[in-house]
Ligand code: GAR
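The chain that follows stands alone, in the form predicted alone, written as structure tokens.
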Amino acid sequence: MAKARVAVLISGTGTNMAALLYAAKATDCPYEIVLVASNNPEAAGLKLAEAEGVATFAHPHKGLSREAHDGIMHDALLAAKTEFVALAGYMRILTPEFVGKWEGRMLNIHPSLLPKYKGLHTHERAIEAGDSHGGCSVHLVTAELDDGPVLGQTEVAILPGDTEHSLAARVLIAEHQLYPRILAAHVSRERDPDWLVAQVRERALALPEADEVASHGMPCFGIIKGKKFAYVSVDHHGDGKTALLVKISGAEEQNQLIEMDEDRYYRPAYFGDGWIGIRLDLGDTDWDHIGEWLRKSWQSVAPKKLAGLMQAADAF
């Protein structure tokens, strides 16, 4: 199975970047570091990445708007065929537009037990508050600073006499252990059959009068007491794929889709020309697009009255 392609954004020494990079050297690590990029061409972490044979990119932000600089960084990520972004001491507030382009695929590590102590001076604030523990959190990046869903945390005890510097040193050790583990788990779920089936199920059952049954060993979704509009194939007949099967207009549309992207679309065995298989296990699934496919397939089998109600609701 191909490893997930991860780019790391840094501004300084890049110790968390190094932790991710060295973890990626393990043969069973599900990700590889394909780019280390920075807004600071003098960042020490760039030299480390270069020494380890990792591609680097740097472009200073001075004199540029946030939008312009984010656009340059985004283009560099795309050029490296990045699938996931890990922020590791990247000292830039990102624009909502940039964050939106990497929604669900950009992670950050923060030196506190979120939601406590967003922003700066986290260790000092934890000590001043009399907390028993500080720590670190890995979270998904959203437009609001340090506010995305938390994926994992490690607590670090605050010792008598601790200063912000002594606590920070121990928290940094915890960060170096937590970040690679959480990143590995997050990129792996994009290829995990159970997680992929759950994503389809959530979207399929949100459609009017939809239900789920098992058919030919596959999760199958249809209109209650009506026709089926989607299946999820998981290694069906040993094909090694996790894919969504949905209805289409016929052989011509099927051929067009396969010619457009033969890695993603395929003819599902035993289903005929009226269905298309869409790979879900490539690590870059656009779930809004999958939702649209489910909706179109549902509309193709829904009774006219039910489909009409859906169209009327969409008009408002």
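Note that the coordinates shown come from a computational prediction; the quantities given were computed from them, not determined experimentally. So that the term is clear: the rigid core is the largest set of C-alpha atoms that superpose within 1.5 Å between two forms. From 1 onward, residues are counted along the sequence shown.
One more form of this protein, predicted together with the ligand, exists but is not displayed; see below.
Across the proposed site, 247, 277 and 299 without exception lack any heavy atom within 4.5 Å of the ligand in the model of the complex. Stretch-level contact check against the ligand in the model of the complex with heavy atoms at 4.5 Å: of 182 to 190, 72 to 80, 239 to 247, 103 to 111, the positive one is 103 to 111. The closest non-hydrogen atom of residue 124 lies beyond 4.5 Å of the ligand in the model of the complex.
Interface residue remark: residue 89 is counted as part of the site for the ligand in the model of the complex, having a heavy atom within 4.5 Å.
Contact annotation: residue 172 falls within 4.5 Å of the ligand in the model of the complex, judged by heavy atom distances. Proximity of residue 146 to the ligand in the model of the complex: non-hydrogen atoms within 4.5 Å are present. Scanning 272 to 293 for heavy atoms within 4.5 Å of the ligand in the model of the complex gives no residues at all. Residue 280 shows a C-alpha shift below 2 Å between the shown form and the other one [criterion: core-superposed Cα displacement of 2 Å].
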